[in-house]
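What follows is a single chain, given as C-alpha cells, in the form predicted on its own.
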C-alpha cells in the first residue's frame, strides 16, 4: 500500500527540515515546553474533555448531579440485564473464597497474591485469560530505580501530570511500591530491556523529570501479561472461567459483597458465584468510543465494572476525565486508532505539522499534547489529510535511527515496525501519521490504599479503580497501577476472606432499588447494562435484526 503520492509529497517537507532538527537534538536543544498557563489554555480550548456539550448530568445513583460523558452516563443509568425476581439465589453454581472479576494484569496479580496467602481464587473473565488492556500497553512501566531518581521525584511527576487533582495517599502508594513491583515482575520472569552488564535500561516518558521507564521492546504489557498468565495457570488454587463475564454483583443481607451473577457467553446460562470477598478488575471503557473517537482498547473494554459497582452504590471520581493518547495511527485506514507508544517520542521522534515544522515539545503530558495536535489540525489548519479524510500530524520516527544508530527502530519498536511494514511503510525510513485516540479511563471507582471500596467485601484494582492519576495519567503508570494495586488488593482480600466467614443470604435488592430510582427519574429508554461487547453493525443492519426478532 505505502503512502499515496499526496502524502509522499508532504513527507519531502519533513525530510527537508530533518537535518536542522537533528543537529538541534544532538546538541540537547528541544522545542520550548508550554508554561502552566499555556497548557491550561490549550486544554480549555481544544481537549475533548473540556467540551461541555459532550457531557450531561447523572440523574440517579451515588454521583447524581455529576457531569460525565454522554456515552458513559447512558450506560451508568441503564437497566440490569437480569430480572432480580427470576434469579435463583439459593442455587450456588460456583463456591470460592475469592472471586476476581476480570483476568488482565490487575486481576491476575491479585490472584497470585491472594493464592500466596492461602485462599482459593476463582477468576471470571469476559474473553480469554489475558485479553485485556494490559497487553495493549506498549511503552513501559515506571519505577524510580535509577541512581539519579527517587520515589519523591516520581511522586511530584505523578501529581504534576494529574494537574494536582490526584488523591495524594494513592499517588504516594503507587510510587513507593513501584521499585519492588518491578523487582517482583523480574523475579517472575519478565524480560525487561537491559544493557550488556545487566543494568536495566530506563527511558523518558511525557511529563517525567527523570528516566524511569522500564520496557520490553514496545510490547511491555504483553510481556508482563505473558508471565502473569503463565504463573497463574500453573497454580492449582486459581481457577479461571473464560468467556464468563459478571453481569451483576451480589450483596448479602448485611450489605456485604458476596459474589456475582455470571453469564456464560457460549450457552447463555447464568451462574451464581458465591464468595467471601470480591475484586473488580474489569478494566476500561474505550469501546464506548467517547465522542466518536477510535480507541486503542481491547474488544471487551466496555466499563462493566463501573456499571455494576455504581448500581450497587459505589461512588466514582473523575468520570469527566477520559484520556486521549496523542499518537494514534490514522494511516493506513486499517490501523486507525492503533496506539503509537510514547516511547517513540522518548527515543527522539518529533511531532511535525504538514509543513514539516515542530509545533510542540514532544514530551508534554498526554492531555496537553493531544490538545496541541487537535489545535494544529483544526484552528491552525496545518494537518496532513489522508485519502479517507482524516487529519493528522507526522511522527518523525526515522529520527530514532539517526540519533541512536541504524537498527534501533527495529530493535526497540519491533511490533510497531511490523504493523506498518505489512502495509508497505518502513517507519525507520518514513514517518507515521497520527492523531489523538481514546486510550484510558481516568474516571473510576473510589478506593482506599488496598483497593477497598465503600461496600464491605468489595475491592477494585487496575483501570476500574480511581484517584491515583487524578485527571490525567502519565505514560508507564498504568502498568504500574495494575501491579501495585492488584497485589495490594489480593493481599487485603485474602485477609478479609479469612475474617468474613461464610456469606449470609444473597440478595439483588440493590438492583431493585436502583431500577426504582430510574423509574422515578423517568429513565426508561430500554438501555441495558453492562454492555459486555460493542456492536459495530451499521444502523440499518441493527434495525433489520430487530425487525426479524
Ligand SMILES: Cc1cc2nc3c(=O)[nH]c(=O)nc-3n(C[C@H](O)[C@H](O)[C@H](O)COP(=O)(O)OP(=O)(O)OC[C@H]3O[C@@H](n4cnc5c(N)ncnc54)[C@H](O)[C@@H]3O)c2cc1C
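Every value quoted in this text rests on a predicted model; they were computed, and no experiment measured them. Residue numbers count along the first chain shown, from 1.
If you look for the form predicted in complex with the ligand, you will not find it shown, but the lines that follow are about it.
The closest heavy atom approach of residue 484 to the ligand in the model of the complex falls outside 4.5 Å. The ligand is not shown here, and in the model of the complex it never comes within 4.5 Å of any heavy atom of residue 77. Among heavy atoms of residue 246, some come within 4.5 Å of the ligand in the model of the complex. Interface residue remark: residue 324 is not counted as part of the site for the ligand in the model of the complex, having no heavy atom within 4.5 Å. Annotated contact segment (heavy atom within 4.5 Å of the ligand in the model of the complex): 432-440, selected among 196-204, 432-440, 114-122, 354-362.
A heavy atom within 4.5 Å of the ligand in the model of the complex is found for one listed residue only; from 371, 275, 132, 468, this is 132. Put simply, of 162, 457, 348, 300 only one has a heavy atom within 4.5 Å of the ligand in the model of the complex, and it is 300. Residues 182, 238 and 494 are none of them found to lie within 4.5 Å of the ligand in the model of the complex, as judged by heavy atom distances. Of all the residues from 126-143, those having a non-hydrogen atom no more than 4.5 Å from the ligand in the model of the complex are 126, 127, 131, 132, 133, 134, 136, 137, 138, 139, 140.
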